[in-house]
Every structure is written in structure tokens, then in C-alpha cells.
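Okay, so here's just one chain, in C-alpha cells, the form predicted alone.
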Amino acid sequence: MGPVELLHMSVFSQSFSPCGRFLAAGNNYGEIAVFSLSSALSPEASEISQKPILTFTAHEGPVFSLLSTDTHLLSAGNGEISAWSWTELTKRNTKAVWTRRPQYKSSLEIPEINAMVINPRENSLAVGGGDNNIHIMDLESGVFKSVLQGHSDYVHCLSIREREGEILSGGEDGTVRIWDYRTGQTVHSIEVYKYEDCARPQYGKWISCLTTDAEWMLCGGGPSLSLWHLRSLSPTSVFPLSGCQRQAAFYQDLILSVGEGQFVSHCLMSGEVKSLIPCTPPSLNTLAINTNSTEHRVLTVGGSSDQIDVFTNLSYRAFSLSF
């Protein structure tokens, strides 16, 4: 890849291997890079340790979503999902185990897939994207068994509440929908932009990030990042962060968020912004926390750059991996 392509690279997605020793990252060129965290974090690490052990083209369009099961890395491109064996990837073998395509209304339409989430109880995969729908695939048979319809525009993000039997989705239409995944029906639809404290008409109404933890939900995009109590379906805190937030996560007693801006925001549940930690990319798309391995517990962030920042301690960047 030439210097011009590197200059215009964006990292959209990340996923850690089940063992926690490897990180996969997807970019706007349809490539996936696999990095060895064990060598990048080792005391003997050199510049070469911060480069991928493997880079391959997985899809024609951008890789907007990556996800790991106990054995496979799942990647989403334009209108397709592929599975790659983690064991084979670490041996540098890049043959897809399978590729599946949701049943779209028209064969001419190839919508991007923006989000994927696994429902462990049902052993199914939910995917959402450019056709406004959420497609449910049975992971054992590879068959798409149902479609959740209700959004009137692109689906950007998904989250699961396994215990409650619910899938949450956020879309370009400004709504967060809560679905009962057994019936496929919408249980609640929250129009976030209609809440005065959250609304920011200058940025639009789209929901670009969504995550849940027990009774709590974080969502944002055009509207400010806000914390909601899911029993009362009301916002309890609104975070005064500038620009649109693209990914947020609950971590211990903090809320971590990335979006427009060259920093990771550390926020408290009360709504206070505790600190802004500088990063390399000018704008950020993805944040991931490695909980699969205590030895390699890191926070990694990527965005409009070929660099992925690695934080061994939440308060400063330790080094950067690069495509």
C-alpha cells in the first residue's frame, strides 16, 4: 500500500482474539490486519512488533464491524459476513471458513453492514446496516431465520441484553429501538433527539453509538452522549462532549467514549467529564478493551489514521500499532 492510501486510511473496527493475545483491525479498504499483542507488549518489543503479523483483503468495501466468537473472527463488509478461524489466522492462513449474505429485497442492492452482535443464548448473530433492517442468523446452520423491521433509515449500532431477551438498535432515523428477540417485535422506541437535554439539531438526529450494561444504556451521535435508565426509559446524565460520539463503553466506574476529536473521553456516571486523553488519529471511530487476557489488558483506539493507539494504563498512550 502506497503513502497516499496510508494517508487516507481509516480504521473502523477492532476485535481481540479469544485468548487475548491478538488484535484484529478492519479498515476502509476492506483489509483486516492481525497484530500480536504479546510481542508488541513484550519488554523486547521493537518497531517490527508494532506491525501486523498478517494483513489481507477480506471484503470489497470497508470493514465496518468485527466480532470474535470462541473460535472465529467474524467480519462484515458490503452485504456479506465472513468467518475466519483464529487458529488459522495466527498461522497466517487467510481462507474464509464461510461467507453468508442476508436476504435483501433486491439483488441489485448491496447495503453495508454497520454492526453485528452475538446472542449467546440463542447461538445467533444479529446484523444491522444500510437496508434499515436487522437480520438474525443461526450460527450453527448459517441460515438467516428472521428480520426485524421498524427503522426507517440505516441501522448504525446494536447491543444485546441477554438476560432480558432484548436487542437494542440505533439508527439514522434518530431512534433507539428495543426488540424482544423471541417475537421480533419492537417493545419500545426512544426518539432521543426529542429530549431537550440530548438534542443537538446542528449535528442531526442519527444514533451512531449504543451500548448497555444491566439496567443502563449509553447512546449518542447527533444528540449528545447520554446515559439512560432502561426501566424508566429516561436520560439520567448528559455528557458535555463536543462533536458526534462514535463508540462508548462502560469500564469499571467510568464511561469511555471516542468520536470527533483527537482524544478518549473519560466520563463519570454523574455526567461529569473527568479527563480527555490525547490520541494519534485526528478523529476516532473505534474503542476496544481487552478483557480476554489479564496479561494483555489494554485499551486500543483507531480512527482516521493507519495508527491504532494502545493504552496499557488508561491515562496515557503507551505506543501505536500501525497497518
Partner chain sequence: MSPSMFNFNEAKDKFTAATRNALDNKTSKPFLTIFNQLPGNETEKKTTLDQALRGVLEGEIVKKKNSCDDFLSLIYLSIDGVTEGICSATTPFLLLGDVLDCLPLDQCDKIFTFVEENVSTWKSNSFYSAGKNYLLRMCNDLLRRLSKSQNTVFCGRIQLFLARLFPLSEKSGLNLQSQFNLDNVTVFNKNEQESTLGQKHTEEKEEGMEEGEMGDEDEPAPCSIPIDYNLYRKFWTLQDYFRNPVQCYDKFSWMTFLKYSDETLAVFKSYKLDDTQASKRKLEELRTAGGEHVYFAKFLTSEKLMDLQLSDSSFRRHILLQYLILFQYLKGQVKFKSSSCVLNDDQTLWMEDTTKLVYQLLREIPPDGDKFATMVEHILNTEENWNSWKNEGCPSFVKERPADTKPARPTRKRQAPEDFLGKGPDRKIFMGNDELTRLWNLNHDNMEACKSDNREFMPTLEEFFEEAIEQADPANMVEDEYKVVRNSNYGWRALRLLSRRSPHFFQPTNQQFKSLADYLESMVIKLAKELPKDLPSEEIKTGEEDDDDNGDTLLKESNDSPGIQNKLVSNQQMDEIAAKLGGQWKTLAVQLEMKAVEVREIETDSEDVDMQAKLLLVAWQDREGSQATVENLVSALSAAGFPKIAEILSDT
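Note that the structure is a prediction, hence the values are computed from the model and not measured. Numbering follows the first chain given and starts at 1.
Below: the form predicted in complex with the partner chain, not depicted.
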item: Exercise: Arg297 in contact with the partner chain in the model of the complex, heavy atom 4.5 Å; value: yes
item: Ala318, heavy atom within 4.5 angstroms of the partner chain in the model of the complex; value: yes
item: Close approach of Ser42 to the partner chain in the model of the complex, 4.5 Å, heavy atom; value: yes
item: Pro278: touches the partner chain in the model of the complex, heavy atom cutoff 4.5 angstroms; value: yes
item: Which of 28-36, 270-278, 55-63, 255-263 lines the interface with the partner chain in the model of the complex (heavy atom within 4.5 Å); value: 270-278
